[in-house]
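A single chain comes next, written as structure tokens; it is the form predicted alone.
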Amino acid sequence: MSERWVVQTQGLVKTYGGVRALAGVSLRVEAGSVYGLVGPNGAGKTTLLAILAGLRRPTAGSVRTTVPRERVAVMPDTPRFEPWLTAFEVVDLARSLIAPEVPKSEVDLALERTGLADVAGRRVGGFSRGMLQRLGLASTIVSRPGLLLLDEPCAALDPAGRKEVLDLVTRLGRSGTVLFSSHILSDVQRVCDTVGVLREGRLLFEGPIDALLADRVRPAFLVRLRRPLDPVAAALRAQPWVRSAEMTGASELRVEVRSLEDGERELAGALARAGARVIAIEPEAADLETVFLEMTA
């Protein structure tokens, strides 16, 4: 990842009356990265994106960016358009207002990249929520922004549509910088280099996703075996290197260990001594959702 930063905030505070939406947020977004912003409802994600986009002013603190304001693009979570315009006209209007120097051919490319090429001539009044989401993304990328701010870009998309949009976000991160908020944590884990975890307006963590998972998730193994499971679980619990051994299904045990090294070295032998008929053993994959729930509980 590049060491150059694109966005940097220091002590960012935003209050609405007596409500504090942001409470001293300091973050740093590196150039050429995909930064995922996660947090429960009301954590301050949308407020933070609006401040970074220049749509709202902070109550206190500072925002610095190395990208010119005209090269910052933002997509809200529920984009809306005039219903009598066609998809092509919507995207072309965005191009002409934001980046008139960009050739008109970029409109067709943006519609193609977001899966809307076949409906370019249709009026958007009849578009589904998912199609409007794609159209919002097309209108955002047509100006070739250097910094792309996306608020829930995969909302209302079916699995195929989500995959296409996430693939596009990954590609955009190679040529620019993307910061997006999402409640779909598997999407963030899939495409982001860096994650920021917000709760009640405070940034609890910022850094590489791998580092967050390594620091927070306890090592465990999933063991599939033939019944009975109870005697095997009891034998494993008696081992000093086992933290817990619990049934997670009719034929599966989750075995939490002190370290992956302990499990790799000792687990197979302990299962054999317990007379277990093993079908499969695999390390439990660390996932962002587990860590997120732990941090925001």
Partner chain sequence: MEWARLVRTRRWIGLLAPFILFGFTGPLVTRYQRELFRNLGGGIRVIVPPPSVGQAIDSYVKNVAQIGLLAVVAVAAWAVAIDARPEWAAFLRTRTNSVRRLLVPRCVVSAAAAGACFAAGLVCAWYETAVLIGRPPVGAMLAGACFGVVYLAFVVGVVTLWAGLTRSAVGVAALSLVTLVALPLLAVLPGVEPWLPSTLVGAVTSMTRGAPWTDYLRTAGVALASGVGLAWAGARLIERREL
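Numbering follows the first chain given and starts at 1. Remember, it's a predicted structure, so these values are computed and weren't measured experimentally.
The protein also exists as the form predicted in complex with the partner chain; that form is not presented, and the subsequent description refers to it.
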Please determine, with the chain shown alone, which of 76-84, 111-119, 125-133, 181-189 has non-hydrogen atoms within 4.5 Å of the partner chain in the predicted complex. 76-84
For the three residues Val13, Val29 and Val67, verify that every one has a non-hydrogen atom within 4.5 Å of the partner chain in the predicted complex; reply yes or no. no
None of Ala250, Leu55, Ala272, Ala234 but one has a heavy atom within 4.5 Å of the partner chain in the predicted complex; the exception is Leu55
Note which of Leu157, Val107, Ala220, Ala94 lies within 4.5 Å of the partner chain in the predicted complex, where distance is taken over heavy atoms; exactly one does. Ala94
Taking the shortest heavy atom distance, is Leu225 within 4.5 Å of the partner chain in the predicted complex? no
With the cut-off set at 4.5 Å between non-hydrogen atoms, does Thr194 touch the partner chain in the predicted complex? no
Taking the partner chain as it sits in the predicted complex, is Ile98 in contact with it (heavy atom to heavy atom, 4.5 Å or less)? yes
Residue-level contact is defined here as any heavy atom of the residue lying within 4.5 Å of the partner chain in the predicted complex; does Glu89 satisfy this criterion? yes
Heavy atom within 4.5 Å of the partner chain in the predicted complex: which residues of 241-274 meet that condition, in order? none
